[in-house]
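Take a look at this single chain, the form predicted on its own, given in structure tokens.
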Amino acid sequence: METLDIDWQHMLLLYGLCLLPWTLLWLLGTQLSRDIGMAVVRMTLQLSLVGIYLKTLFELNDPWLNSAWIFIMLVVADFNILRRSRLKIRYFVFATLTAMGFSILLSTAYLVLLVIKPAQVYDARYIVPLAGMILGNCMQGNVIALERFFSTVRKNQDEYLTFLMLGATRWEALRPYFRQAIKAAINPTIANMATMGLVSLPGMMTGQILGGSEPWIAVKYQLAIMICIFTSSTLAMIANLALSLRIAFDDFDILNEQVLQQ
């Protein structure tokens, strides 16, 4: 069974659905009309270009091209995480890239090499979509973790300094804020895992079923990707925050405000 195609006329009809929320938001005076329009245009152009590129990537199936594409995804995610976390990119770019790269490559390699085991371990049809799904979910968690951690430290700076004056080490003084940031970032993933299949059918599973896969095969792939997402997100957040401590605090354990966006 093949997935039914959507012709261009019906795609245009689909875009008409956007007019409903766009009109309501315009009537409410949210001033988001331009942002929504730009977001829809960018989404369309970016996905169209990616579709063309992925078709070529799948046909060539070259390990170097596959690796280059994953690296590009990591770099784009890196910049997006830091921008949305309100951290200055030049200070944290390599720390975040290291944390994300380690966690994503570890989980993707584990899944492809030990669980799925395709005939070609560098097969673009496996490593590129899987790495992309894991990376996309890790990105959201890292944004929450970094933003929550540094905003909490700034808000409670007097309390933090009091801990230091009472003899606590930097880690001992920062551990409560570290723990709060991790909990806030990982809770959406835990809630998603706990309700998956009851509240919603996840995207990967739905896509495979629409593509003609047996439901039970789709379920197994979804379980595999969710375990990898949970593992990667947790590792990336902890590593990212740990590496950022060396950058954001000076030799006297004081938060360096210059590394934060105002």
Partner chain sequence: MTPIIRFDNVTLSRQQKTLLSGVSFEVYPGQKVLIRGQSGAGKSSLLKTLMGMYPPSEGSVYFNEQILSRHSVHHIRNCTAYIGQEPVLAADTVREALLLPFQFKAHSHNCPTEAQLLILLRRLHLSADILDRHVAKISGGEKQRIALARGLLLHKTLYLLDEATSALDTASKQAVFDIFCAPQITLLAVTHDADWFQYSTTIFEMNAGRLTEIPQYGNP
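Residue numbers count along the first chain shown, from 1. Quick caveat: nothing in here was measured; it's all calculated off a predicted structure.
There is also a form predicted in complex with the partner chain; it is not shown, and the following applies to it.
Heavy atoms of A242 never reach within 4.5 Å of the partner chain in the predicted bound form, leaving it off the interface. The partner chain is not shown here, but in the predicted bound form it comes within 4.5 Å of a heavy atom of A168. In the predicted bound form, the partner chain lies farther than 4.5 Å from every heavy atom of L113. In the predicted bound form, at least one heavy atom of F163 sits within 4.5 Å of the partner chain. Contact with the partner chain in the predicted bound form, defined as a heavy atom within 4.5 Å, holds for exactly one of L20, I247, I254, L14, namely I254. Just one listed stretch, out of 80-88, 132-140, 153-161, 97-105, contacts the partner chain in the predicted bound form at the 4.5 Å heavy atom level, and that stretch is 153-161.
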